[in-house]
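Listed next as structure tokens is one chain, alone, in the form predicted alone.
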């Protein structure tokens, strides 16, 4: 991976700018430039045909200054150490910006899960869990789903960890199925958080949701949920895409129908409906709309895309979808970006709720989960807006500043051992 598109270098660049913008000395934030722990593991798996394949896996703990490390596990062929380090660092900031008592971590296995059978995915998951088992736990590091993983994978991790300890330990992961200790509302939480932030932006700028157009890149769990919820609020979703391609309809797409189609495994390149046109990923990103929601992978909005982008504002549902170079272009063009560490934090907030329920052996009603999520997200949104005004910085720098100040304060209070 070249330095230009190295997500960890992107993280460091923004971290330093944010810290300097609010007057932090390098000594205050120097530790945040380095993950606390990086683990690389080999994961041997017996395949269905009897052969043995070795997969490469990682678990990175960026910071535990504010509490146990927290972060997803990604199964994707592009997983590498720099990506995992960046994702772990963003998790540290994400937890801090919404003020929940976690640090940041991330894990991943370099694999295309679509090429594995269900039995192979289970064996891969359980062996990977065994390899990272010494550094995870409900008081140490709590994994969760990410790209290429889901509730079933979390169920397997929880079961493997529990079997290795001799009793059921629900709190070792979040994002589980409710039948095995998961929280209602968790699956939709990240997309719901994106919706909450979007509506707050519209409310504070005096815009009617029924009069705005939205384009969503990525129709996985997060993008699909955000699209469905915004559609329910009256927003006109004019474009969506998945890995196979995109769709556009000026009068608005039938989002419930598309969501049902995607959930059944359909690819958008094969979707057909009246007045719906097939478009490329680039056309989705640069097409006319009021709000662009990138909900796919990192580095989707490059400087080239930013120069041609027609959206009036961007709400980042994916982690790190905008490069540093693109950020500079967007700022110059006056297109505000509401950053990932704020906009997509709904998932980790409800993961925190799930963890609390597990530790207390309680269950919450879905309304309680969603109402508390909204309260946390709106509070964080307002704190970022206030920081942006106070220091005259963009929303990304403001969100980083809120998070970095909290982590640095915790680190200063704790001191350096020994």
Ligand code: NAD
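All values derive from a computational prediction rather than experimental measurement. Numbering follows the first chain given and starts at 1.
FYI, the form predicted together with the ligand isn't displayed, but the following is about it.
Among residues of the shown chain, residue 97 is not one whose heavy atoms approach the ligand to within 4.5 Å in the predicted complex. For the chain shown alone, residue 344 is a contact residue for the ligand in the predicted complex, at least one non-hydrogen atom being within 4.5 angstroms. Contact check for residue 297: a non-hydrogen atom falls within 4.5 Å of the ligand in the predicted complex. The ligand is not drawn, but in the predicted complex it has no heavy atom within 4.5 Å of residue 137.
Screening 143 to 151, 159 to 167, 118 to 126, 327 to 335 for residues having heavy atoms within 4.5 Å of the ligand in the predicted complex returns a single hit, 143 to 151.
Contact with the ligand in the predicted complex, judged by any heavy atom within 4.5 Å, is made by just one of 173, 195, 317, 93: 317. Interface residue among 301, 293, 89, 219, judged by heavy atoms within 4.5 Å of the ligand in the predicted complex: 219. Although the ligand is not shown here, in the predicted complex the stretch 237 to 273 places heavy atoms of 241, 242, 243 within 4.5 Å of it, in sequence order.
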